[in-house]
Structure formats: C-alpha cells, structure tokens
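Encoded as structure tokens, the following chain is the form predicted on its own, with no partner shown.
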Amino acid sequence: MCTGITVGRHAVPEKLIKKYNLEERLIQRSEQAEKEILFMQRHRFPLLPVFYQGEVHIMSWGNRDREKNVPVAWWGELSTLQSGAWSHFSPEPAEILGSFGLERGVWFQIPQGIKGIVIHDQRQRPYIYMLLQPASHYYEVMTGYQREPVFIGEQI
C-alpha cells in the first residue's frame, strides 16, 4: 500500500495551498531540497493532490463516513475495478500527483504519479481512491507489503 505521499510545492497552485491550509503540511528533506507538501492517510482530514479533468484539485482521500454513498475505503484494487464491481459508482480515472510515497516507514520515489479513481457522493462531492495491484518483488522486500500503488508509466 501507500499511506503517505509528498508532492513538490510547485505542483500545487497557490490558491489550493491557501484554501486547504497546506502550508502547515510543508516539509523539507534538506536545506537544498525543494519544499514538499505531505499528505498522510492518517491525517484527520486525509487529502490527496489530484490531476483530474485537466487541472489540479485537492480531494478527500477515500471515505470514512458510512452515511455517504461511496465506498468506506482509501484504496481500491485494480482487479476489482476491472471486474466491474465498482461500476455502479461511475468511477472516473485520475492521476494522483506525488514525488515520494511512504509505506511502513520506507520512503520511495514516485516516478510519474499514481493511478486513482474519482467517485462522487450523493452531493456530487469528489473522493479519490488510490488504485493498488500486487506488489513487485522489489516493492514487497522494500516495504514488507504485498500490495503496491499502480504507478503511472512503470512498476517499481
């Protein structure tokens, strides 16, 4: 899986940084490194940066509320999506922006982004779900986890 990501501050428009108070999520790996915005699944309000319908959005990372008519989850299996099991939610493809991902204390590079799906609730609010697939041997050894995000362009 992937329980956190960072994205370069430059990748998120200033209006979204202000709207979602993302300044408080800024981190910097070293004095020379670019500032990054940290998005964690365990945050009180988990969010992700998403490229969707031609522009960058900040969306709720999955759903914790059983009152909403969207899955109570943060991730979705690629095989489940391909089987059509989520088709009644009308999922739409999206790209989760990211520079680095985090799983079990291990940071890894995200070369081009992660595939996700956007599902809207009964009030048309969008939720992003990260897609997962069986982990490569490398990823499993690195993180100890048998599922990995569906990386855009390559599998690590």
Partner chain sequence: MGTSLIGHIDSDCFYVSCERIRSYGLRGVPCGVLGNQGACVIAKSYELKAYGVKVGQPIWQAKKLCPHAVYVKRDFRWYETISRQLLNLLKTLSPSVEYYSVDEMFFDASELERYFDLPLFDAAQMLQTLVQDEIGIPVSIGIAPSRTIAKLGSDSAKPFGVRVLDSDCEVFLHSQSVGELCGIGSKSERKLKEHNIRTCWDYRKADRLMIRDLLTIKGEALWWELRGEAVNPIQTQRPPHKAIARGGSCGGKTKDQDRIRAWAVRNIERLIEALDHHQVYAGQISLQIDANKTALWLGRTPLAAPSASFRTFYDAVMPMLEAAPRTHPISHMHIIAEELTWRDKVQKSLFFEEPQSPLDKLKREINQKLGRFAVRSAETLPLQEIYHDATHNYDICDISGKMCF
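Predicted model, so just to flag it, every value in this text is computed and none were measured. Residue numbers count along the first chain shown, from 1.
Although it is not shown, the form predicted in complex with its partner chain is what the next lines describe.
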query	finding
Listed residue that, although its partner chain is not shown, lies within 4.5 Å of it in the model of the complex (heavy atoms), from 29, 88, 66, 43	29
Proximity to its partner chain in the model of the complex, single hit among 109, 112, 53, 122 (heavy atom within 4.5 Å)	109
Among 126-134, 96-104, 66-74, 44-52, the region lying within 4.5 Å of its partner chain in the model of the complex by heavy atom distance	96-104
In the model of the complex, residue 34 touching its partner chain (heavy atom, 4.5 Å)	yes
Partner contact for residue 152 in the model of the complex: its partner chain, 4.5 angstroms, heavy atom	no
Exercise: residue 156 in contact with its partner chain in the model of the complex, heavy atom 4.5 Å	yes
Proximity of residue 16 to its partner chain in the model of the complex, heavy atoms at 4.5 Å	no
Stretch 120-146: residues contacting its partner chain in the model of the complex, 4.5 Å heavy atom cut-off	137, 138, 141, 142
